[in-house]
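One chain comes next, on its own, written as structure tokens: the form predicted alone.
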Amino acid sequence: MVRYLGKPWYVGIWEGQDYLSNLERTQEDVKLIINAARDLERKFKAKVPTPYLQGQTLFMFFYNRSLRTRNSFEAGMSQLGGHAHFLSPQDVYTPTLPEDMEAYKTEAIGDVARVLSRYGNAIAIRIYADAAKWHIGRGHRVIEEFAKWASIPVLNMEDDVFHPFQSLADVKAALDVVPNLRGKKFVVSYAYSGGLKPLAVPQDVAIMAAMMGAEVWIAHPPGFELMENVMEAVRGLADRYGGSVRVTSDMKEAFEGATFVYPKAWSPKAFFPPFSADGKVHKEEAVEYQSRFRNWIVTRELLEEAGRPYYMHCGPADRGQEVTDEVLDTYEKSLYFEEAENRLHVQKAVMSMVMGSRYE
């Protein structure tokens, strides 16, 4: 007998669906996620039980280390009544694309996805940088390969192109202080780091800001252009939802009069395949090149001169490189920790939507 369970409206509305990219969603979808996340946040803070995924299992493959992503997913599953299995590829035969198979060291992603589909309820993957051999787009291919073979939802915990749950957390933080982003100046800016970082965060934040109808400014030095197919998508979203897109190489100009600024390091893609001229990885040269732009740092003075916009960053921020301690610790309009907290709420919302069921 099939029986309606009387769960909140969002549980199971996208039952069985993958969540790989926000480009597969609409503004209306995102608003549903934010509303569900707010309900879950309220219940979490009021200590109201939310056993919407009772007895369910999420398998999490972390090809890369994590604080916020791992703990927010694990805590979220626990709070929803389920359990998250942490899986390090180094502790099993590494799930790998067909061209990288090696006997007794790797296992076909198709096999892993189908086996885990018989054990649990969803699979989540995080893979970029060295784990994806610094071939931009390879990490996303790995996640798509899991989705191709799995019969349970696959969730993208960050790859080398997209970071969908981070930008959902970001937009919730923005909407919590400014309820309508349409027409608001939202700056996605490069900021210096001594390390190499993927394109995923700035690209996904630009996607989300355009989807909300913001006036999106993208600021970076020469050589730090985002992927052109992503930029085409951002422009298309801006046209669809009444926003705009502008690119500049002047950080100060971009910040002037902004409502939100999101200064974040990413790597110059011309040093990595498939964008490098010789198709090879040039990590040392990339580090040397980006060292020329140490002046792309966020200070309180810069924010004050710009009109005191809200400061945003996915974390962890490189203190003294991307941003000064003063901004992170004392700037009154920093959303840094709100964004981190929101990872928990938006991920619980999406997991409830795709892993949950309205009936039993």
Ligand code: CP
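All of these numbers come straight from a predicted model, not from anything done at the bench. Counting begins at 1, following the sequence as shown.
Absent from the display: the form predicted together with the named molecule. The rest refers to it.
Participant: Indicate whether the named molecule has at least one heavy atom within 4.5 Å of a heavy atom of Lys348 in the predicted complex.
Facilitator: Lys348: no contact with the named molecule in the predicted complex.
Participant: Within 4.5 Å, heavy atoms only: does Glu158 come near the named molecule in the predicted complex?
Facilitator: Yes, Glu158 sits close enough to the named molecule in the predicted complex that at least one of its heavy atoms falls within 4.5 Å.
Participant: In the predicted complex, does Lys185 come within 4.5 Å of the named molecule, counting heavy atoms only?
Facilitator: No.
Participant: Report yes if any heavy atom of His163 sits within 4.5 Å of a heavy atom of the named molecule in the predicted complex; otherwise report no.
Facilitator: Within the cut-off, so yes.
Participant: Considering the named molecule in the predicted complex, which of Gln321, Ser66, Ser291, Thr26 comes within 4.5 Å of it through any heavy atom?
Facilitator: For this set of options, the contacting one is Ser66.
Participant: Can you tell me which of 325-333, 298-306, 40-48, 311-319 lies within 4.5 Å of the named molecule in the predicted complex, counting heavy atoms only?
Facilitator: Contact-bearing stretch, as computed: 311-319.
Participant: At 4.5 Å, heavy atom to heavy atom, what parts of 124-152 sit next to the named molecule in the predicted complex? List them in sequence order, or say none.
Facilitator: Contacting residue: only Arg126.
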